[in-house]
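Before any questions on binding or motion, here is one chain by itself as structure tokens, the form predicted on its own.
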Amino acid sequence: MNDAKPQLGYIGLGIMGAPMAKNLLDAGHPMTVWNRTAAKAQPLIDAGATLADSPADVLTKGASIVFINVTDTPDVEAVLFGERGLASAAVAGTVIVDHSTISPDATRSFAERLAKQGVDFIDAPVSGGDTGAKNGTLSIMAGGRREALERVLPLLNIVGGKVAHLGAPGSGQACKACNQVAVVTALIGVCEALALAKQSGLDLDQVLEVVGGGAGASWQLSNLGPKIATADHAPGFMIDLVLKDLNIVLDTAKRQGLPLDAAAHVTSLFQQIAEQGGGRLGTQAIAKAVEAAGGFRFA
């Protein structure tokens, strides 16, 4: 019996990708990495990974399973099909797992193109933020061929606390769109609840504790509520990135003839902060829009 661990590739070493790749590397998997800004790969190289000079080189150096974690749909397309992209070196049996959050329609198209080469493409966007990425507790929403997913499931279980197979390619991205609607509408609810508490003269720490112990509890309340209360806008997940996600959400909903009024409203508030130069702040900085409308400051 061959117990050798498969050679992995990892492309995209940002806020989410770097800790996810590190968890796989720490689990003993040999790994080749590539990042558009090579300096960001150095901590992983220091930890034992090998540096590739292109996405294709990740495969030519021996990877049979490659993870992608980049920003947007065009970035994934470039990694796959651009000059020296993965498709130029992929052989039948290669599995590519995309942790990026991109268009469900584009995902289906990418999967179809790669399937002609005998390559499986699994869309596996994640939820849980940078904390979940560091702790290996992400929720992973996967779409793709079940046999291919089962092959990479032990790896996904290293970086995630929960993995769900939603169906065919694109299903994971569709579920991530649903996730983002739930996330941002909960977040604006936390902002407005804390605004009401502030203007009512309540102690915000006490409100967070009491509300968090009842039906108002949420990930947003417990993780971002304290940051909102203290005006800590340091990024875990940036406004520019959530705006990208929400544009995917609203475009998908529009094509389905589905009005998402709450999501559209929150998108406009994020856009307001981005236009004021806050695009690289954390998503909790949407509280600045609530502050501006109410004429007060949290801190």
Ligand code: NAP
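The first residue of the shown sequence is 1; numbering continues from there. Given the structure is predicted, the values throughout are model-derived calculations rather than measurements.
The next section is about a form of this same protein that is not shown, the form predicted in complex with the ligand.
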item: 4.5 Å heavy atom contact, Asp105 to the ligand in the predicted complex; value: no
item: In the predicted complex, Ala274 touching the ligand (heavy atom, 4.5 Å); value: no
item: Contact of Trp34 with the ligand in the predicted complex (heavy atom, 4.5 Å); value: yes
item: Contact flag, Val70 vs the ligand in the predicted complex, heavy atom cut 4.5 Å; value: yes
item: Interface segment, criterion being heavy atoms within 4.5 Å of the ligand in the predicted complex, picked from 24-32, 46-54, 232-240, 252-260; value: 232-240
item: Contact test, all of Gly14, Gly17 and Lys40, partner the ligand in the predicted complex, heavy atom 4.5 Å; value: yes
item: In the predicted complex, the residue from Gly129, Gly170, Gly136, Gly85 that sits within 4.5 Å of the ligand by heavy atoms; value: Gly129
item: In the predicted complex, the residue from Leu224, Ala177, Ile122, Val79 that sits within 4.5 Å of the ligand by heavy atoms; value: Val79
item: Contacts with the ligand in the predicted complex, stretch 98-119 (heavy atom within 4.5 Å); value: His99, Ser100, Thr101
